[in-house]
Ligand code: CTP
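First comes one chain, alone, set out as structure tokens in the form predicted on its own.
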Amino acid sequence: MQILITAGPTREYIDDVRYLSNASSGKMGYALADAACAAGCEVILISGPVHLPVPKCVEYVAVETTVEMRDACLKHFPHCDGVIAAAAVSDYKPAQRVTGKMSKTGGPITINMIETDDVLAELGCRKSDQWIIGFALEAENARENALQKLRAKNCDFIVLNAPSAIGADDNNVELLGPDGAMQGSWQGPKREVAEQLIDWLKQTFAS
């Protein structure tokens, strides 16, 4: 089985030195990549900027912006059986990037923002007989919002976790199907959660 895994944050630059991003550490995505390799899968890991060692067993693709992640995913997805989209992709970017470095003006500034490309939704539109597992980090109406994301992005399953997972070594997740039924629930160190998710995946999508 060949799996595409996305991990880490993306960055959207305001000028040549400042950017918007999020606090994703990439730990969950990297744990999934490591666990999938250990389970005998071929793994392509597409990662935003993180401070983690790259698993030796993966084909590694480093990206920075959302556009770069989108392009890398579209390049590799057709050759994979499925994707686990664990990356925390930036939702917005400045409408215009300033060349050079913005100087202080002594007063407030306004930055016009536009939505970034929806990488997961585009993969959902392009899938053939492939499967897609998304991640949803939700604080309120968690299951409802996760299921809305699953359906809007044409995922087969979605992993629901909470904001407390950001940067943490542990995670507490629920795996939901399109009908809202819980397929699994795991908690503990992210590597152990990853192993259980990969084990479920191999049993579910075994050819």
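None of these values were measured; they are calculated from a predicted model. In case it trips you up, residue 1 is the first one in the sequence shown, and so on.
This next part talks about the form predicted in complex with the ligand, which is not shown.
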Looking at the ligand in the predicted complex, is some heavy atom of each of 42, 61 and 76 within 4.5 Å of it?
-> no
Could you tell me if residue 116 has a non-hydrogen atom within 4.5 Å of the ligand in the predicted complex?
-> yes
4.5 Å heavy atom contact, residue 81 and the ligand in the predicted complex | no
Taking heavy atoms only, is residue 91 within 4.5 angstroms of the ligand in the predicted complex?
-> yes
Looking at the partner-bound form in the predicted complex, is residue 72 within 4.5 Å of the ligand by any heavy atom?
-> no
Counting only non-hydrogen atoms, which stretch in 174-182, 53-61, 136-144, 29-37 is within 4.5 Å of the ligand in the predicted complex?
-> 136-144
Across 140-154, the residues having a non-hydrogen atom within 4.5 Å of the ligand in the predicted complex turn out to be 149, 153
